[in-house]
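Coming up is one lone chain in structure tokens, specifically the form predicted on its own.
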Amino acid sequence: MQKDPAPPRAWHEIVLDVLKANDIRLVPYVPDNVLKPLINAIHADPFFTTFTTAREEEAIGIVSGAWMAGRRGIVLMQTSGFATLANVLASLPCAFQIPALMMVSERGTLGEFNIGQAMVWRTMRPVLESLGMEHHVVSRLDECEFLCDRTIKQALMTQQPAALILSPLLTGGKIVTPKA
């Protein structure tokens, strides 16, 4: 009699394992409903040091300072928070070769209800490209581990910042039912 195969791991379980495998212990974040399963899992695991920050710029500064002190970290945020980061990214991690890692829950697409999110979504990739920052969109569960692991490894080896963008195709996004 064959055993039933184990159910597939959820995206946030995969990300948690990849962070551990790459010794990413520091996780400052700005609260986000889409990232809530990952944030809850990180808080529940004593491997990580995690806390909220007031703004995304603050979290990038914390992760950059931690790198200079020999500690690895990643910032969790949503697309709208990315809109505030061009100056801090250009003047700190890009300028000083700090592998500041970001995980961004992608909002502004696929049924988005908030026009502000949609407007920022249109600018995120062009800003990343203009800064010369490595970035990858994770859309499917079967590519999640590979893209997260390889992006982190490349950032650490090249000492360059990088972003992982979590598509609503992976996370389910934030859903609000339109009013009639």
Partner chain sequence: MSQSLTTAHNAKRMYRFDLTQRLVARLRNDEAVIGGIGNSNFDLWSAGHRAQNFYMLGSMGLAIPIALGVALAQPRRKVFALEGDGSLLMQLGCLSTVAALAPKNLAILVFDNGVYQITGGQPTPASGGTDYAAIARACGLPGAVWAADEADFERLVQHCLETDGPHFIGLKLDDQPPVSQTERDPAQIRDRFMRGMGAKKSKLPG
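Numbering follows the first chain given and starts at 1. Note that the structure is a prediction, hence the values are computed from the model and not measured.
Although not depicted, the form predicted together with its partner chain is the subject of the following passage.
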query: Heavy atom distance at most 4.5 Å to its partner chain in the predicted complex, all of Glu58, Leu92 and Phe96; finding: yes
query: Interface membership of Thr151, its partner chain in the predicted complex, 4.5 Å heavy atom rule; finding: no
query: Partner proximity in the predicted complex: Pro37 to its partner chain, non-hydrogen atom cutoff 4.5 Å; finding: no
query: In the predicted complex, Phe113 touching its partner chain (heavy atom, 4.5 Å); finding: no
query: Contact label in the predicted complex: Trp121 to its partner chain, heavy atom within 4.5 Å; finding: no
query: Stretch in contact in the predicted complex with its partner chain, which is absent here, among 63-71, 132-140, 113-121, 40-48 (heavy atoms within 4.5 Å); finding: 63-71
